[in-house]
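One chain follows as structure tokens, the form predicted alone.
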Amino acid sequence: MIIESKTIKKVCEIAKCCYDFGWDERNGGNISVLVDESEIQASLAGAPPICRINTGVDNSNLEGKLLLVTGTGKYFRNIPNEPKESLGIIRFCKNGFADIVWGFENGGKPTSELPTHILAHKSRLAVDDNHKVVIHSHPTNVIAMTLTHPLDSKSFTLSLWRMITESLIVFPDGVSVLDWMLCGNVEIGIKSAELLKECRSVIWAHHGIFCTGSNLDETFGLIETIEKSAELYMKTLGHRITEGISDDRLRELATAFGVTPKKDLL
């Protein structure tokens, strides 16, 4: 049964963590995962599509792939107990269409951020064959930092790296920062996808974060680390007597852990 699949169970677990951490209030945030056909193929065999939808974006290079995605208007706190209503699986067709093949019971539909998720998946797959996951969340301190820090990707990344040793190790590719834009449309998806060509994380000013990765644990852990760094930044704002980890020590850290910091940041 699809409901018993490893990916469904992990999405339910991650959704609960996001809600418990206060990152996904009400129906805020969304998750999508490219699902291996082998994991659910037997459960879908012979079952007709529930309906066809227009994704609103070019989904070329994704045709035939399956995407597990959260539903529009669905509360993260309800996902573990109502997965068949809160989640759905779509199979990409040609010309921007997709078939809903499982879930979204009682008339549900994919998240309004589906265009951004699709474009994000396409962007990351172009640079990382192992890519599978996109998580959009509203981490409190990350959002607060966009109100107290210049919205410049380079300086924002350096401020996060300087706060805690793990930051450079976990996201040596840095973060990109996008000034406020109206969400839920193709334009913000295009902008975000362009930034995701160079890093796995895009911060939407005064809104939240889009993080990507090869699996759910890695992607969730990326958000955790960025949020922890942002929390330290906010808690020490106006009280610091050091700048944090210096450039020379960041270089030492990168060498010790075998990571390559994003070009031109140090």
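Note that the coordinates shown come from a computational prediction; the quantities given were computed from them, not determined experimentally. Position 1 is the first residue in the sequence shown; the rest follow in order.
Omitted here: the form predicted together with a small molecule. The next part is about that form.
Of the candidate stretches 48-56, 193-201, 28-36, 218-226, only 28-36 contains residues with a heavy atom within 4.5 Å of the small molecule in the predicted bound form. With the partner omitted here, the residue from 143, 183, 125, 178 that has a non-hydrogen atom within 4.5 angstroms of the small molecule in the predicted bound form is 183. Though the small molecule is absent from this view, in the predicted bound form it lies within 4.5 Å of a heavy atom of just one residue from 154, 138, 84, 77, which is 138. The closest heavy atom approach of residue 103 to the small molecule in the predicted bound form falls outside 4.5 Å. Taking non-hydrogen atoms only, residue 71 approaches the small molecule to within 4.5 angstroms in the predicted bound form. The small molecule in the predicted bound form comes within 4.5 Å of a heavy atom belonging to residue 207. In the predicted bound form, none of the heavy atoms of residue 159 sits within 4.5 Å of a heavy atom of the small molecule.
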